[in-house]
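Starting off, we have a lone chain in the form predicted alone, written out as structure tokens.
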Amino acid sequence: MAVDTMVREEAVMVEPAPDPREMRKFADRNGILILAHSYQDGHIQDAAHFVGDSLELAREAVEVKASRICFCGVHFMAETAKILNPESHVFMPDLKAGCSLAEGCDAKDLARYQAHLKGKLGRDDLVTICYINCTAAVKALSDIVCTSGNALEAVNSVPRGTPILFVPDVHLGGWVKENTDREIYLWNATCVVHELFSVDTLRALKKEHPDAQILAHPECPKNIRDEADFVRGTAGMLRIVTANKGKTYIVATEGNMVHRFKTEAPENTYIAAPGPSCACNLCPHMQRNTPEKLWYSLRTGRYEVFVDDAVAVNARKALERMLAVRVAR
């Protein structure tokens, strides 16, 4: 792209975004489905047709069958939507919105480790379950994809006695191991957001608000999970807060989740557990998507997400197995 073109494009991208309702109306007029993850900025959540966690968004992408999808999340999420809707034009506000977990599990490294582990175990029936926070290439090497909301059920769907490799999140995998007796081998990658919560700060907040209940995401390290009243994925957290009124919750997950809680269960009080240097813990990758970039993306159809056909075929099989897993909680 020429320098002068880049300058003009950047100028357009910083044009103030209109009211969320106006952006949704624009999308409606142009046949665009806006999907947003719960970790997105509140303005973006309010503009979206549907807000959810990775599993909910995957289901919505399949059910709606939209020809144009603007995915407000990180890259692996938009890849998932494209894999499940190969004929759709899938685009996102910022292609550079990545994920530390996806970056922490390279497909070539995974293939080598799968071969090593099968040799070490002396058997070929190793089942690889990948957390959805990974690249399409890693999904293609996996047998089942899971989310934080159905990871335990995905593991328990594997026949007993079968060894399982769980990638890439070591903390989510550790939580699953605590809640099942399966033979599970873990990959050592973590989420940059959930890794940074401080147990001392969490305890101090609890002391200030003794009646509060702590909600922690299973991507959190064990010392944080052990302090929590409930360990749930974002959908599980939402079920808890919408079932109650007048409660106070300390929320140990990405800070923008509080916006969704306040939108859907405003009768409660929410306190975002802080990161090391701010009042809440925000994902730097999710924050690359801004209302201004969303507005630009809606008007231009940029930036499109592509997945290699050969990769998509196997990744789709693993994703379809994920969608078939029933969630008990």
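It should be emphasised that the depicted structure is a prediction, and the values quoted were computed from it without experimental measurement. Start at 1 and count along the sequence shown; that's the residue number.
We do not show the form predicted in complex with a small molecule, though everything after this point is about it.
- Using a 4.5 angstroms threshold between heavy atoms, N133 counts as touching the small molecule in the model of the complex.
- In the model of the complex, the small molecule sits beyond 4.5 Å of every heavy atom of N289.
- Though the partner is left out of this view, Q45 does not reach within 4.5 Å of the small molecule in the model of the complex, counting heavy atoms only.
- Contact between R260 and the small molecule in the model of the complex is not found at the 4.5 Å heavy atom cutoff.
- Residues with any non-hydrogen atom within 4.5 angstroms of the small molecule in the model of the complex fall in just one of 59-67, 37-45, 298-306, 263-271: 37-45.
- Only one of F76, Y249, F197, W187 comes within 4.5 Å of the small molecule in the model of the complex through a heavy atom, and that residue is F76.
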